[in-house]
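Next up is one chain by itself, shown in structure tokens, the form predicted alone.
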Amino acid sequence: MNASETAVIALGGNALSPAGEHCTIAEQFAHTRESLGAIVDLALDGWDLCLVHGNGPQVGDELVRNELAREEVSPLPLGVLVAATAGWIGYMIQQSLENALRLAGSDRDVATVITQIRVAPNDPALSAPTKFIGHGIPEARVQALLDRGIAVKKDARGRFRRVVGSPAPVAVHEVGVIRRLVRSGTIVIAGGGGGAPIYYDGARGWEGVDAVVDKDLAAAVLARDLGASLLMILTDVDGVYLDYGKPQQRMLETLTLTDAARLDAAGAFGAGSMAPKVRAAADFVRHTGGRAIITELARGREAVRGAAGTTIIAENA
């Protein structure tokens, strides 16, 4: 590779806080350290790097904390909680990655940029919640949440979870700052939780939106605007499956843009789970001709070498 090539790596919030764990900060730090193998490999190979991370479980937990403490302190709105989780998850990744780089003999700097993502204020997704956040909710609590006006749906694994509005990312507000840092060799953690969504108000300037931008779609926009040649989406499954969770499930090693669009239109990927990842990867490949890979956190190193995950390509070779 050329030293100037850029890779954007999207790290799922579920990978740092898997289902079935208590998700203490110690556990999340441990998973963060486990997630860095592919990133360290790319850094040692001379890639310019930008990391984007999710926050679905974490921001859901923050909403629960807000609700439990609302009699004592004023609750924070969702958009502010996105920025808050971007800060502390970025801190975990920044500290853990710097330690891993030093152990590997690299002196590259790591920095976190709290990132704002421009969205359209009239995006219909704002009034049609589909983005899953938080952990699974016991069925006994579902009706109580619905009665309070909190949207809840079943995810691809049959778990009841909160859903919130998720507008499409239009642009990364801090892309110039991020580009300068990345080109200087700094490994940048940006777009945390998909970035805090904002829109422009003619009278007041930039204003926040209480929503969550999908981090994979935000990563694709950032990768496109940085001129990246690789977008890698690390999650909690080893690739893109057809009939996921069924006896006949089958992983796709490669997926063309044509097949991705056809299967997505047929609902093959799950609206709130794998579908946004496939759309993000396809959008990046369509606009740049680069390489996009979707795989699980533990197989990131293999995926860089083309030996794991699902690779999105323009067309069959």
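The first residue of the shown sequence is 1; numbering continues from there. Quick caveat, the model's predicted, so the values are computed rather than measured. Definition used throughout: the rigid core is the maximal C-alpha set that superposes within 1.5 Å between two forms.
Keep in mind the form predicted together with ligand ADP is missing from the figure; the text below concerns it.
Put simply, Q28 is far from ligand ADP in the predicted complex: not one heavy atom of it is within 4.5 Å. Although the partner is absent here, L78 lies well away from ligand ADP in the predicted complex, with no heavy atom inside 4.5 Å. Using a 4.5 angstroms limit between non-hydrogen atoms, G12 touches ligand ADP in the predicted complex. By the criterion of a heavy atom within 4.5 Å, I189 is excluded from the residues contacting ligand ADP in the predicted complex.
The stretch from 86-94, 181-189, 231-239, 105-113 that comes within 4.5 Å of ligand ADP in the predicted complex, counting heavy atoms only, is 231-239.
Exactly one listed residue, out of I39, V59, M274, C50, brings a non-hydrogen atom to within 4.5 Å of ligand ADP in the predicted complex: M274. Residues of 181-220 lying near ligand ADP in the predicted complex, listed in sequence order, are K215, D216, the criterion being any heavy atom within 4.5 Å. Once both forms are fitted on their rigid core, the CA atom of Y199 lies less than 2 Å apart between the shown form and the other one. A movement of the C-alpha atom of R250 reaching 2 angstroms or beyond is seen between the shown form and the other one when the two forms are aligned on their rigid core.
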